[in-house]
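Listed next as structure tokens is one chain, alone, in the form predicted alone.
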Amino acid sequence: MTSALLQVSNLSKSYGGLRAVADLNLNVLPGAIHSLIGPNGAGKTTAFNCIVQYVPPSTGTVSFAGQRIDGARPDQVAAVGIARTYQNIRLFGSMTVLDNVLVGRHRHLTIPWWSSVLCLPGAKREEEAAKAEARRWLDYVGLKSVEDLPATALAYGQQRRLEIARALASNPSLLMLDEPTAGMNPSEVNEMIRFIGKLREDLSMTIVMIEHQIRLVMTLSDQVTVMHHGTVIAEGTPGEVQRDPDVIAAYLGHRRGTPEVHSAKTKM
């Protein structure tokens, strides 16, 4: 049996009397696409933040590649091979496209800062190597031709791809995507579905993603975990969770055994 690359056990996060995440368990296999879905306010992003230690969990453990990472600093979590994107794009708008991706290479730099200040040969070589790697990822996401533009000059879908390129530049083993299609039009959604599939096909990338675009979830996911009010209400293959009565109730806003009052056009 294949061991989980990411293992989350009994993870909880409370804010005073509010329990945003309650006893979350996740087992993400290497090379899998594992989606975390649920209505707004279900606790998905809080769970993400706790996994990468941006927010310290109240209880529970997080292990990556067999190593405990709960209690680590976010930079230490990144160093073991986890990269993430955000629901709201977080790029350095005044910096060039290339420089944004170079930020993702930062943890791989070994030359001390003063070597760069003094323009020493070793620093120059490392800088050129970092730029070559950044350009490789820009080429991969289709943005190499705009590397000199400021990030704010890109179209919305391009900015999403730039954020993913920056994450990939850190050479992660696990990529965590927080709503990668948020704000996209149907054409951009189709492009993102193809791109995420390409990530797995080309790189054997393990991906955990939060996503409200159910077509993407059902098309790409190997496993789906459904949260509601901070708790997991279902987990399984896309087909299994789509048929689960508790999942249907959570999305449609009624409980089992009560009349359905929402439009039949309502979708997950």
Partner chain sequence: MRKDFAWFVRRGLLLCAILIVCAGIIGTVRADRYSTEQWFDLVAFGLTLGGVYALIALGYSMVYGVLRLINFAHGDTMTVGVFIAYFVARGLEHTKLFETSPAVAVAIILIVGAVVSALVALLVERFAYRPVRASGGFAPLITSIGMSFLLQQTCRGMFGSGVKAYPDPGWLQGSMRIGTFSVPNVEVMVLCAAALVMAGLYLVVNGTRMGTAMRATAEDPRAAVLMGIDINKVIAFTFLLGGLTAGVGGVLYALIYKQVYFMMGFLPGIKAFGAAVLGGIGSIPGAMAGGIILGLAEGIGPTLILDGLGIPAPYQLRDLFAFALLITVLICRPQGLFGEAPARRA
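Numbering follows the first chain given and starts at 1. What you see is a predicted model; the values in this text were computed from it and never measured.
The same protein has a further form, the form predicted together with the partner chain, not shown here; the description that follows concerns it.
Colleague: Can you check 192-200, 70-78, 153-161, 138-146 and let me know which stretch has heavy atoms within 4.5 Å of the partner chain in the model of the complex?
Modeller: In short, 70-78.
Colleague: Contact with the partner chain in the model of the complex for S221, defined as at least one heavy atom pair within 4.5 Å: yes or no?
Modeller: No - in the model of the complex, heavy atoms of S221 and the partner chain never come within 4.5 Å of each other.
Colleague: Although the partner chain is absent from this view, report whether Q53 comes within 4.5 Å of it in the model of the complex, heavy atoms only.
Modeller: Because a heavy atom of Q53 falls inside 4.5 Å of the partner chain in the model of the complex, the answer is yes.
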